[in-house]
Every structure is written in C-alpha cells, then in structure tokens.
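In what follows, one protein chain appears twice in different forms, each by itself as structure tokens: structure 1 and structure 2.
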Structure 1
Amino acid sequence: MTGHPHHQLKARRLGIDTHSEAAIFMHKDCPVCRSEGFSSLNRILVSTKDRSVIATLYQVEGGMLACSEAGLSDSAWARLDLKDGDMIRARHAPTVESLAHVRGRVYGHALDQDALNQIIPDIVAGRYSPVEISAFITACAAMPLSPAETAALTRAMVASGECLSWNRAVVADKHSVGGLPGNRTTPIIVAIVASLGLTMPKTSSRAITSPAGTADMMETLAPVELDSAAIRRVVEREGGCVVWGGAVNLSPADDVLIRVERALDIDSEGQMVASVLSKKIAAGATHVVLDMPVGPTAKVRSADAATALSSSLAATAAPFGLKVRILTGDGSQPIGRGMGPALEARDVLAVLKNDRHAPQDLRARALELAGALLELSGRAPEGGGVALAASALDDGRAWSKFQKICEAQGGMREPPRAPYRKDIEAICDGQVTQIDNRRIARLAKLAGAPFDKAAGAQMHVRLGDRVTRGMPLCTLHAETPGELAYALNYGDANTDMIRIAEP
C-alpha cells in the first residue's frame, strides 16, 4: 500500500456485527482523523493494497483504541480480507455522482434506465449510506414509480448480480408476497413439481421480519448455502432444489433495499414488484406462480390492493418474457400450525408424508399453488393441475423426491426440538373471531425464532373454533428460559391477538 506511514493505521477486528454495513472506529485524537478532518458518521474510503470499502466512521475516546489503530466491523473486515496487524489507509470517500438522480426524484423527476443503472450498482457496492438508501426508497414511495420506472428498476436489479441459466424451455418458480406466518408451501411445491418432471431451482430468502424464511426452515432439514456449481449439480440430478439465494448473489440490491424498507416500514408497490421479479428473472425462471395472501393483518390488506399489485406484476413481467399466474388467498390467519424454522419444517414433513395429523390448510394451499404451476407450465391441462399435484403427493412420489433433493444438497437431518415450552391459554369461553398475524409473528420471534431454530409458536386454534377457558390457544417453544419468559410477557400484554367472542 502506498502513502506516508503516518497516514496508515493498524487494523483491529472488534467483533462488532453491523450486518452488511461496513463501519470503522477511530480514536478522536488519531492523527489521520485530525489531518483529514474526519468527524463521526463521515463516509470513509478504507483501503488496503488491493481492496477498498466505503465505511461509516464512529469516533471513540478513552482506551478502546490506540491513536495508531483503526477498529473494523465484521463486515468491513471480511470485505477487506484483513488479518490482525495489517495496515490500512483511510480518506474521505469520493462523491457518489448517482445521488444527483435521487435528489432529482425527490423533486419529482422520473428515473430512467440510465439513472437506475448508476444508482443500483452504487447501492450494491456500499457507496450509499443507510440514510442515502432511505432517501432513495422514500423518494420512490412518496411519488409511486411509474410502470416504466418499475421495469427499469427491475432490469437494473437483475443486472446488479449473478444470473443463472438452465437451457430449458420451462423453468418453474414460485414466490409468496408474504405477510402470513407459517405459509411454508415452497418445499412441498418443489417436491411435487420436480417429481412430475418439471425443473424448479428454488432460491429462497432468510427471514427479515418474520419468524422464519423458507431458507431458515429448510436449513433444519438440509444444507442451503450452496454455490452456483452445487445448485446446478443438484438441479441436474433431481430437477429441483430449495437453497438460500444469498449464497449465489442473485439481485443483491434487493437484500440491501429490503432491510432499509423494513426499518422504515415502507413497502411501495413498484419496489415490491421489482424485488419479486428481479429474483425470479435472475434465477432463470420462465414460469412463475405468485402467492398473494389478502387479509387485514397480511401484507396485502384488501381486494383492491391485490388487484392493483397483480396488474403491476403481470405488466412488468411481460417484457422480460416471464409468464406469471397470481393466486390470491385467505390471509386472515396463519397457515399451518408452526411458526419458526423447526416447527414449520415439521408441518412440511407431515404434509409430504401424508400424516393424518398434517395441517390440512397447508396441504390445500400447496396443492393449489403446485396445480397452478403445473397448468401454467403446460404439464397439466387447465383445471387438472390440483388433481395431478395431489396424485404425486398421495402416492409418495413427492416425499421420495424431497428426500432425494435433501440428500443431494448435503444430507437430510432431523429438525431440532426446543427444551422449554409453555401454553398460552384462553382467558374465557367463546369462539375465535380474529387472529392478528403480525402480533402472532412477533410472539414467535420473541421466543427466539428464527435465530434459535427450534424456537417459535405452535397454533392450536383457527378462526371459528369454539374454546373454553384454560384451553391452549398456542404453545411457545424456546431454547432458553429467558426467551420463553420474554415471549410470555408479550402474550400476557396482548391477550387480544387471538380474539375470543364470549357467548
């Protein structure tokens, strides 16, 4: 690394997890800070001999760091490929020219393809701070993206990462818009359609705000962090896979934007459409079924909103040659019983094994979506998809195929079980009239899901059920007594998340 030795600092790994955001910590009296005129929250270009990253600066006092040292977050350390004692150099980050387009959008100017082709790579490269990403998201939500902007954003997001190609006329995929706890149909659908000869390389996400993402759930059954070569090997052998998309860098801008969107509680239609479709296009899909639960505490809350979102998804998909079918469904309550990686995995296994105690709502929804995908892909005639899907499930072909997929991904395993459990009971006699999806999901997360794989909540009632005082409504599962107590406190303070109408 070039530069005067007084402008260099010894790197120290601080063991601070800032997720994907790179952070650097420097002493307030550090000579580099003084000579460069750094202050906290400045964006700093941190360089080694052959790597660089833009990091947010935090200044410290006292003995945490020597003036000749720079502490780095785990993300910055990994991206710079540092070893203890390596020297780094820090200077002000260069101006990010694409921010001019973001400022223009704030004042009502549309974003064209060229502008988005500059903005998205800068976001992926870490050149935008969280505040600047927030500005971009807000600018695109306050004045909704036009159809042309939505298509341009989708195209830029696809180009921001890797793309898979399968050299097949039909590559099936499925995506859920989300917002419904326990709606873990994907592994069942992959097993069904792959057993019937379709190709379905399913790349799935981890949880962001839910008790489990599909990748979190699948990880309790088989390895999911496969690279592109391993995914190709599994799919060539078995016709399908269920893996974590983050390991193959598909539409990486999506992951960055979603984290900030969730923090802001902003989920605009145009960005949602670009998020969904960019992942499917990058994965090489040609035929996609979209699951859209609709309900008062789901992500899509009304029939009108569902219609608008469906129209936008179909219109944006068409120029990419992507065939889509959108199925709206009941989003008024969780699907399945489990909420949390291992609990949802057990629901999936029960359906695949045709266990008589399997949650029938999960089975029915999986068959409906698999049937639609079989029809869309030409594998079944119109109106015959559900029957064909059911035959593959009933005769064991889907279960056999799922086991083979798990083995091909690295070996099937048993989901863990939580050592601590406690029921939340009905406080009165009556009928279940409402289930708040959002608060039930939060309850499962407070118990430790998705980070504790065995943690979560297991539902025992559905809308319309009659209950008596003291009857279990759901069971909390936790890996530590503290997390169990934390979730129970939330349950005690939110007794109306499962509303019971007294007779």
Structure 2
Amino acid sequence: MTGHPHHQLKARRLGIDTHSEAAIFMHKDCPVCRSEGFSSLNRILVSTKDRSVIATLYQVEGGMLACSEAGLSDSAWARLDLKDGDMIRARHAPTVESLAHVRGRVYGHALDQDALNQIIPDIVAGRYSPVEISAFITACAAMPLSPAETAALTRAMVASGECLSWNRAVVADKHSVGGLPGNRTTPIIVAIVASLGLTMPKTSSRAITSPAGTADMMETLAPVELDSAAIRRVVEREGGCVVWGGAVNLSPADDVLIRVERALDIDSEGQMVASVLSKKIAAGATHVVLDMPVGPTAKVRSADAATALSSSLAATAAPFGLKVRILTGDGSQPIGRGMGPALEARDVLAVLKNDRHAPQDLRARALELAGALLELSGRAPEGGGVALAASALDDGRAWSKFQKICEAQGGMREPPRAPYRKDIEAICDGQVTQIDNRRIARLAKLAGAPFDKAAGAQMHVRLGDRVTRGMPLCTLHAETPGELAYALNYGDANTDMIRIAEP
C-alpha cells in the first residue's frame, strides 16, 4: 500500500501552531490524496522511516503547496523529528482501538483500569482528534465518574508520563484550583517551608489564559527551565525549587485534557480530582495543600461543592499514600497588587523581604497555606502552623532560603520594569464595591502580559476602599506605547470593572 515511490511527499514546515494536535496539509490534486481517497478532516497516519503520527488532514488548492509536498504543523514536525526536505508517507490512520471504550462509556458502560490504560496513552500520543477528546470528556461529565473510575483515571494519567521520586518520607506540594489574578503565594510558601526543613520540589505552569503563570512570574527572578537532573540538584541542596513543569513530563495527558475542558467550559469532579492528583503523585508529593477560592464566579461556587470535592480528593489520594488538605478562601477580588510576571514578582519580593508596603492579603494567604502544609506534614502542631510560618518569614529565614533557591536554579535576577506607564483614575467619588477579576486580568493581558515580562496592571485599591474622583485605581505597565494605548482604550470603555458607588 505504501510501497509506491510516487506516494511519498516532501515534508515542508509551515510554522503553524496547532498546540498538541498534529495537522498535515496536502494539495487536493496530489497523487496521494487522489489514490488514497483522502478528504479534508480525515485522520491520516504520517510516517517517516522511524516515526509516525496521526494527523488531521487539511486539503489545499492554489499555490500554497506543490502536489509533491506535504505541509506540517509544528507539533507534527516535532513528533516526526523532521528536517526540511525529508520524505513522508501518508495513509488512512488505522482505527484507534481504545475509542471503542469511549463509545462504550457514552452508551453507559463503566471504564475499568484496563480501558483507561489504553485511552490515556493514546491521547498522549496524539492519536485522538480534538473531537474525540471532547467526546471522552463529555461522556465522563454526563455520567459522572465513579470513585473507582476516578482512581483508575488518576493511575492511568500518572503512568502516562514521568514520575519523580525523592526518597524522603515527606514531600510537600501545593496546588491552586481556579485562577485568581495575582494569587502568587507559591514562591513564598516554598521559601517558608524549605527554610523550616521540609522538602518542596514545586513544578509550576505557564499562563494559558491568565496574565501570568507561576513559572512566568518566577522566570523574572531566576531560570525556571530545568531538566530532571538539575531540579534534583537544586532540591538536594536547598530543599525546594520553583521551576517550570513543562521540561519534565509529569501527567502529560492532563495538559491535553485541560485545554479541551477549558474550551468547553465543562468540569466534572472526577476529572478535576484526577487532574490535580495525577500531577502531584507524578511529582512525588506525599502531603499536598489545595488553595480553593470559592465564589459565584470561581471554579468552585459554594461551600457544599468544596466539601464534596474535598472528600473525593481525600478518598482518591489515600491509596497513593498522598495526604490532602483543602483551604477554601475568598475569591471576590485579586490577591496582591501586581498582575503580570514582573509586577507579581515584586509583590512576592516585598512579602519575603518584610517590606512594610508589602500586600498584606498575599502575605496572609501565603502564611495560611504554608501553615496548613506544616501542620499536615507534622512539622507544626494543629493550630500552630501559621505562627511557625510567620516566624520564618519575619526573621528573614524565608527570604534567605528564597535567594539560595534562585541561586541554585541558575542565579537570581532583578525583575524588569516597564518603560511606559499610565494610571487609570476614579471617575467619581465613592467606595469600591465590586472588582471584575476577569476584566482586570484582560486589561493586564492587553498591556502585554505575559509575553512582555514587565507588562501588566498594578492595583491600588481593594474592595471597601473609599476613593475620590481622579485618584489612581490601578497603573498600567507596558513595553510599547501602542500596547499602553490599547489597554487604556479598553480601560476607558470598561470603567465599571472597578465599580465605585455611594456606600
């Protein structure tokens, strides 16, 4: 079938970003399309001598591609390890056997460990199209995953990637469910608990939809793209790290699933539990504190939902030897002042240095979470965690530890400052009654965050503050005048994102 030499095509890198989905572009009249009977959106097995990938086909007419060429998306190019001019073969992709289990789930049959051990590696290997991933996610949400299915999904996700092991009885970790702008407690918590002797090898993510991920923020202070060996050296030496998780392949299925879940805005408890726990188990954690903002526009909307999620997390975590504690919190406004990598880093530094202007809400939330971690791992008596954490912060141990961690990761550096700044001012007198997290985050992104490290927004007010007309509510930071103007324009059109009213 693939023996005909004229059925090879010359690979061409098109530079198209399709995230993890592999895509192939071929001319509609190319001999392979005609003889194989391909049409657009077919799933195609693309092969070189050593490698293969399943890609979605987009047929092209006109001059974009020659009939002897196949254009490939970046993801397909990388998976096939191609060089320009390499030859590829294409044929109809064979049936992906594990999809039968997904269809079975749609028709009401439970997924067992065996089924999930087939489905999850197929998803990681790119054998599922986005449409098929969507069917899997929807089927698991429409008939909620049972506790047994949730545990099996977690296990399959852990097994789908690398696992770190630390050879210690206690390995601490922390996770935040549902993004609140500026909620950058992680580096503070790592510094505190590591200064108190706990091991906390923290892998963090970059922003997907927010103005900054923890990894983006941390990168303004120290290198974060460390491989497993380098991470291990840092943790051996300092007891903790704050690095980008992308360089180590922990629960890679989660990254694929979470993108589709976000696109659909569909969450199911079982999938959320498997997502959180698989990353932590793969990272080798034994004691995990979860930061869970609760509010009408947050991911978790009520105390009841938080309790249900807590018990599902604890039950699923137990067989893996993982202890979990959840701290709910107020999700009604941003935490700290900065939004954007460098601005958030400055908040973190201010708290660590005990600067008297440091944002107290960020300090308080970090102490609460660090305290819970100290109690959960037996380093502090119940009720004594926050005081112990505060002592390490107040006497400079945490700050000293943080500097050492940054040095171990490759050298501490100063976060950049944006050359262009402008205040957004109050348009009337009154009291701040509402802050729209979503639009504030958007403002910071329009100013250039997270791509421009120095860009973003800095808040000057919190809920309940009294303001007078003309007072600065927040300051925009940008690296170009164009982006500053663009964000200002959005601010002018959305003056109600920080609502001021007579109390």
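Whichever C-alpha set is largest while still superposing within 1.5 Å between the two forms counts as the rigid core. Along the sequence of structure 1, residues get numbers from 1 upward. Keep in mind it's a predicted model, so treat the numbers as computed, not measured.
**Q** Sort out for me whether 1 or 2 is the form predicted on its own.
**A** Only structure 1 fits here, because that chain is the form predicted on its own.
**Q** Tell me whether E36 is among the residues that move between structures 1 and 2 (Cα shift of 2 angstroms or more, core superposed).
**A** It does not, since the E36 C-alpha is displaced less than 2 Å between structures 1 and 2 after the core fit.
**Q** Aligned on the rigid core, do the two forms place the Cα of S47 2 Å or more apart, comparing between structures 1 and 2?
**A** No, its C-alpha moves less than 2 Å.
**Q** Superposing on the rigid core, does the Cα of I24 end up 2 Å or more away between structures 1 and 2?
**A** Superposed on the core, I24 moves its C-alpha less than 2 Å between structures 1 and 2.
**Q** What is the Cα shift of A478 between structures 1 and 2 once the core is superposed, in angstrom?
**A** A478 is displaced by 3.4 Å at its C-alpha.
**Q** After superposing on the rigid core, what is the C-alpha displacement of N494 between structures 1 and 2, in Å?
**A** Comparing between structures 1 and 2 after core fitting, N494 shifts 4.2 Å at its C-alpha.
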